[in-house]
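We give structure tokens for two forms of one protein chain below, kept apart as structure 1 and structure 2.
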Structure 1
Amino acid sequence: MAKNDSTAKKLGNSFVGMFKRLFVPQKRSALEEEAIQTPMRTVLKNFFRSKLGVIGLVMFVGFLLFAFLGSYLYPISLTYIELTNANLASGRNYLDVPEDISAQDVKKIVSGVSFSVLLTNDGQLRIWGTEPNQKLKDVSDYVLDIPKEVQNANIVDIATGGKHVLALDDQGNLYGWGYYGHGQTTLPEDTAEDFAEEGIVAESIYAATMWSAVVGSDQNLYFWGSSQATTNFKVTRAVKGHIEKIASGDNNMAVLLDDGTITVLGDKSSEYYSNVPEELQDGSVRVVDIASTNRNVLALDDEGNIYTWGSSQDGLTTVPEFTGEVTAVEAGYKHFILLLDDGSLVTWGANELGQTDLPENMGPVTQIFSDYFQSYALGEDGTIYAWGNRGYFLGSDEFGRDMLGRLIHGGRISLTVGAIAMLISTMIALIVGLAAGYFGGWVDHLLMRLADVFSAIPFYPIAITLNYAIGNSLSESGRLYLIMVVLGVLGWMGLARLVRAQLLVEREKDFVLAAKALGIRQNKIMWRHILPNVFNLVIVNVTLGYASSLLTEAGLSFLGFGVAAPTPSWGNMLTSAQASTVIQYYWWRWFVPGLCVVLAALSANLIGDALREAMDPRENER
């Protein structure tokens, strides 16, 4: 019985001791701690003592998450181009309607490419968004700065082009400010003189990207701005004196006449001009409202029927099915909106910027406004709903593409190209360095002379020549593989020499002699016994070489011989920095990707330097 009690007590003590060793921190002396510390733990401990190394690691992990996780969370279309939104500065306030404005205060809302203007019922203006005229020379007043004379006037109508604003007061005075590169902000003197002589008063105003227009009290159309617009928009005698409303794109215009018919002005070669339904022109039906995207027209007749024509792009000529009667129509740059009698909305068209994504929990609507890529609706409960383009975190590039999205996907390409190129060069360097250092003799001479030959090859001329010779015949993925292979094959020589030099020292040590005495094969001696002893050196040089590969890829792409557009990389995003205008005015197009390249390379260098110190016992003794 006593024996059984003793056994049970020993088992209990053993279990308690195991529990304490597993879960209760044990106090040990420094010597005891060092005695049980593995080499890897020592390296990690020394690495995390380096503040710069930790900073570099955090930065690099941040870039990896930004590029690889971000590319899944922030998808982009490589083929997307919208020149209308080119070179817009950073800002996410395009839809930020002032909180002190309710639907009951609103008379009209119009939008430019990056801003919106609201006309209140008491004749005052409110503007929000981001300034589109980023230090352009042809600017009278910045769009977001309402001129004092406009603030003091009673405004009855407003219109916006892409980067300018027009306002009409109750005295018939016209005000314009913003970008005036085509003279679109100022009523021409001859037109003003005709108005004064004939007693014509401006009744409604319209604007597009490069031109402006007025419909006078004589029901005639007067427009000015781009010479191309003034050439295309020739108003015939049959139209003069009968204009009720116009709806237009940049190069075409639909005109609603007082007899309910429609005529079209502008580019006669376009579908906008040639595909007008005959019944809308011969008086078979009476049109009561019209709306126009940049290349399509929508008409509503007095019986609630909808007619569309123009370009088939974005499905704009196909009206979705709906129930109810249409009470109003609106159009943005690439989308249509219908307001139904029950207060609901129907939208269709392009949706790259959320133009057709209606807000959640939207109640019944009484009025709609849409222009360019922003849309607004006035709710019965006084709420102002807004949807469409909210803006760009980091601005847009020369093709109107979101810089943040391209920066994320470009980082994925740049980081991947640098990593795979470094992997290729490391494998070649290990094979050459190990063989040359271990075997010596003629093998060493042959491999080192081969390294000398590769070192003498000028990198950039070879890369550019290969790009010209076979790059154009390859797909986008093929070009990426070509860049990786070129970077890898022409970048192994320095590491191979370091491995060889270290191996010349290691092969003379006793553990190698012991392995040979045991009859272990030479390839196993190299890979299993000697390589672990030089692996610290390899790891450090890989991190430093990765930074070099990253910079080299950026340099190639910057020169136009690396990753080709529209596939983004940080290097080809920097290509635009070759233009002095971009450097002076559009700093976000070159500064942000350039900063990413510098910080990513710096983080890799900091990690490599910290690893070198952590793996060097001499450094640890200092």
Structure 2
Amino acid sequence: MAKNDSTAKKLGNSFVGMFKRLFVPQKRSALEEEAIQTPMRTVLKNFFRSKLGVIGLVMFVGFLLFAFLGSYLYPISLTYIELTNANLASGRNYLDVPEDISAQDVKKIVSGVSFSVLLTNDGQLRIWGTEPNQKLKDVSDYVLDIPKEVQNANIVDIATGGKHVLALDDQGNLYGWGYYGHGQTTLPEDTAEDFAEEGIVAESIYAATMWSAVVGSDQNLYFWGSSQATTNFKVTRAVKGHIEKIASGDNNMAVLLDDGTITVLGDKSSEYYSNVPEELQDGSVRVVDIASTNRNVLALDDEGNIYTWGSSQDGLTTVPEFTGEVTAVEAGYKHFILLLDDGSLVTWGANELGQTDLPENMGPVTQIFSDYFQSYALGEDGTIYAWGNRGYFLGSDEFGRDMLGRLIHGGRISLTVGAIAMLISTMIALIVGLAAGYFGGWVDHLLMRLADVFSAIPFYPIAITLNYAIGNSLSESGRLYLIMVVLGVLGWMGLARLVRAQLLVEREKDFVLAAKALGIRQNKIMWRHILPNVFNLVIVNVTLGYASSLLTEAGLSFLGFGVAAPTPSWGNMLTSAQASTVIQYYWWRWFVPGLCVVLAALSANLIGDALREAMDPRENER
């Protein structure tokens, strides 16, 4: 027992000692320094002596954690698309209500895709969030810059479209700013003339992503903006002069009339238009409040019953069970909120951006506001509760997907594809190189000619052609495997030649002769004495080759012949970013994934370079 103990201790000591020696500078006497180290230890020591190598290692481990741990902690849905939120800049301040405002001061809160505007009881505006617009001639202005005249006016009503704001002051003047690509921020000239002639004043304002609307003092509805949306809006005689309230999606609007019935305008092919409950139209119930998401409507009648219709997406038509009396209804772009008489809230609908995740410890609520993906509630105690889309760390892409999530998952795909491609090519290279070097003769000749054939094949053209020729008939994961195989099969030649050459060199060395003289079997000489010397070379080439296979995968995916959307990879995240407008205005869409490719490849190259120097016997000369 005692003997075993001491062996274990020795082993343990030497193990600890190995790490100690690696990281803690050791003082040694001249005699000790001459002690022989194992080659592996020399390599490790040399490697950690190189600053760049250590930097590379740290960076690489960082990327691995970012991609793999990140994917685990930060799941994304591949099929999720939210075009409304496309190309938003980075910012997490969508819900950062200014702290100096109390709920008692709030008259109304409205939100656009990435910002919210608050109207105080004394007619002032406060705005927060992230700027969704660029300063573009004839298209858009910054929405966060409230115009001077608006700041000076006494505002009575506000409305927001996706990227523009409308404000109405007590004199009936209409102000609009932000995105005006469809002219949605200013009343069209002919309407303005009519208003002036007939003495009509705007009474309330509404806005959607592409258009704006005004209800005049004649109780008539006027709208303008994108013709695509507004051509369907035909104001009927029944509606004219009886408008009580409007709720709208992008292509439809529900109008609550003064007799308590509802009329829907807009796109006739939608369920929004065709599924309106009978009783809401024939006057048998009296509706008091309405709210509309993009594709669904929620109505509340005077007896507290609620009605909902429209698209069946996101479960919006199924009202969850609740107890209590409904006092108000609200809707964002894809979710509904009910305010009950005890001040609690009921909410349902899409929750990809946390729209239905009510804040914890919420006290009784007096009023609710919701628009797009942000919701606000005014607490009885004066706090303003906010929930929903906080924003995106790294902005969003052309489909409104979170760039950070795609970067993490794209990193996982890119790093994995590169690694497996490298593994495949290394396996082939080892088999071919070792077989050629070991057997020699015609096997050698044949294999080296094969290597010649493969080296003569131009990489990018053939990789692209192959991915196109075979890839189309494969499933998504099949295509992923295809890229790994293509990268691997087209990339083994250099290493195979190196392995063969190294094997030939090692075979002729004296220690092999000595081993033969000792009578050691041929196989054992090969595995125990020759191969370890070849493997140093392989390790260096695998690290350097990993960097280049990361780059080729990125290049192929960038061209659209690698990893296919919607599966993200660092390369294909840049595919849609080639247009000059994207390069100019949406820098986060190409710079960030591009930088990730550079840094990941650089870290692998730094490691490989440091390893190569660490293994170079010339470096160990004193």
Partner chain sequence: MTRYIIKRILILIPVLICITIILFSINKLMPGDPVKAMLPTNLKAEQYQAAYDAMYEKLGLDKSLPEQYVRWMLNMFQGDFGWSTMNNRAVADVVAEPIRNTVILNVGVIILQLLISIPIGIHCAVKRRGLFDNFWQVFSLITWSMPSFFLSMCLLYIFAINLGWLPFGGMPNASLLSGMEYVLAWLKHLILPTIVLTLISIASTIRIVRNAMIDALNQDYIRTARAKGLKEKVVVYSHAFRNALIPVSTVVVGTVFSLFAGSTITETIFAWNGIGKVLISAINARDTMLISTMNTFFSLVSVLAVLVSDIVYGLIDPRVRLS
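We call the rigid core the largest set of C-alpha positions that still match within 1.5 Å between the two forms. No experiment lies behind these values; they were computed from the predicted model shown. Here, a residue number simply tells you its place in the sequence of structure 1, counted from 1.
Two forms of the same chain here; which is the form predicted in complex with the partner chain? Structure 2, not 1.
Please determine whether the C-alpha atom of residue 524 is displaced by 2 Å or more between the two structures following superposition on the rigid core. Result for residue 524: yes, a 2 Å-plus shift.
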